[in-house]
Every structure is written in structure tokens, then in C-alpha cells.
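One chain comes next, on its own, written as C-alpha cells: the form predicted alone.
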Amino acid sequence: MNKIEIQNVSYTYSKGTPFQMVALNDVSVAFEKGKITGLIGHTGSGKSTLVHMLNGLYRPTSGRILLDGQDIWEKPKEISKIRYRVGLVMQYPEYQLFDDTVRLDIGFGPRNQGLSEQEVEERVKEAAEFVGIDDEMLEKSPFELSGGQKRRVAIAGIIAMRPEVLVLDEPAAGLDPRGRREILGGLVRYVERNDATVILVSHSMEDMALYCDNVVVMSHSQVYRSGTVREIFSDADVLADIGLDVPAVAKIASALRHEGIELEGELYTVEGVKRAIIEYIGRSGK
């Protein structure tokens, strides 16, 4: 079942001026409920424009964006309501932080949803725990934090509103491996707990392979290809055609295939390739 869908959407920056630029050109793509969908593509492919349209920050030049089958721009004066249902964490989280303390910053969204102070505090604690923010950090100014900590606070502020759709633009950028696992693993738990839909923009093919169910590939303002993680990453040559990479382990599997070693299974994660090699050795008796 599709939670949010883009139908024949185009978007042009500075339309009618000498600086006119087409960012999206007749794009149609759907995002499934209860799934994590990765969005990949080169800089300038249209990824960021697309995600900024999902919660109404940008309005399509043409086409429709449907949330549960309803056009989000059907009632333009109520577009702010969509932003509680579709939460967006931008690539630069410092632009989303503004309050005196981390606690107040995380609670800003739930408070504006009209929740009681008790409910707000419960949401703050839950969201903070979710992204690995301890009680001591809650009393700090968000502007005293490191880049990675700011990113956690920005994500917590969106999660505290419990959006039905969570959109994240490079949420793990700048984090160490442990931080990446905590944040991205948390997204998996968020989906499972809330039956939510997550859309994840990242340049890390390894992250896409590990945490996503589906992948949408953008190129030159259009959808180049979409499918399950297995469908997209099983053929490295497809992505190579537009200059995109694949997980390093998928390259190894591809190289083995060119040497006549036919592996079977999920050939885009370390565990998947490991299992495939063991099974191959078992079949061949080597």
C-alpha cells in the first residue's frame, strides 16, 4: 500500500527568468507504507527538490503529491497540517535548531500540536532516548553541541511529533560508524513501532543496502530506476551507466561472477555475500 505518491510532478526554479532551471521533469514515484525507501543520485539529480516537496515546502509547477490518496495542495491554507504528518530532517540540522535548550527544541513541535505539557515531556524523553540523547544533554543549548549531536537533536525534534512519513536528507553525514548504526538502526525501529514510512537520502550505498527496503534512483531530474534493494544492487552495471557506485561488497560479488563464480542470494551486504560464498563452496565441494 502506497503512503505517499508523486504523480507527474515537475518543478522549475526561477521560472520565466534567465535563471530558469528544471529540477524535476514529469516525475512519478510511490513510497510504500511501513517501508524504508532510499533515494540516491548525483548532486543536481533532483533528490533534494523532491524531498522538499513531500511536506509542502515547495509546490509543484505541475503534477500532484498524494498523501493517503489526497492531494496535499487541495487546501493550500492548511498545508501546515501536512508538515506534522510528513516530517523533514534537512541536510544541515543547525538550520532547524533555535530554542534555548535541547529539551525545549525537541518539544517545540509537539507543543505546537496542542499536546499537554505532560504529553510533550513524554514525547521529548521518548525521542531523546530514541536517538541517543542523555538527560544531561537535554539541558544544554543546542548551539553548544557538536555537528553529530545537533543532527541527533534535529531528528529527535521531528520524531517527537510522530509523523506518519519521516523524510531524512543525509541524516548520518559526519557521524562515526557507531553513530551511523545508532541513527539508522533507530529508523528501522521507528518504522516497526509506528508502521511509518521513511524516505532516506544518502550517498552511502552501504547504508542503502543495510537499512532500506526499496531504492529510487534519480538522474537528470527524473526517476532513472526504482525497485527493491535486491533489484537495484544486484546489477552493478546498471548504476555504473549513470556514474553511481554500488556497495563495495556488491563489487566483489560482481567480480567473482565475471570469473565464473555464480553466487546466489543477497549480494549487496557483507552477511549476504558471506552466506553465498559458503553455499557456493558447499555446492562445488571445494
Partner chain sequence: MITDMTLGQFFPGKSVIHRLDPRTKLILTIVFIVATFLASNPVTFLLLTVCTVALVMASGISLGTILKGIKPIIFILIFTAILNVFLTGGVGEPLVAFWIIKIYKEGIIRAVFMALRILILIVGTSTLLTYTTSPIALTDGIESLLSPLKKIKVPVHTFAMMMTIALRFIPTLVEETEKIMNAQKSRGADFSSGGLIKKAKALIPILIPLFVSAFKRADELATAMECRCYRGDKNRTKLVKLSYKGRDALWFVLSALFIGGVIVLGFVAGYMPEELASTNLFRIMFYPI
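Positions refer to the first chain, counted from 1. In this text the structure is predicted, and so the values were computed from the model without any measurement.
Beyond the structure shown, there is the form predicted together with its partner chain, which is absent from this document and is the topic of what follows.
Checking 128-136, 115-123, 102-110, 191-199 against its partner chain in the predicted complex, the stretch whose residues place heavy atoms within 4.5 Å of it is 102-110. The closest non-hydrogen atom of H52 lies within 4.5 Å of its partner chain in the predicted complex. None of the heavy atoms of R162 is located within 4.5 Å of its partner chain in the predicted complex. The shortest heavy atom separation between L57 and its partner chain in the predicted complex is within 4.5 Å. Put simply, Y84 is close to its partner chain in the predicted complex: some heavy atom of it is within 4.5 Å. Checked against its partner chain in the predicted complex, the residues V215, L184, L168, I158 give one hit for a heavy atom within 4.5 Å, which is I158.
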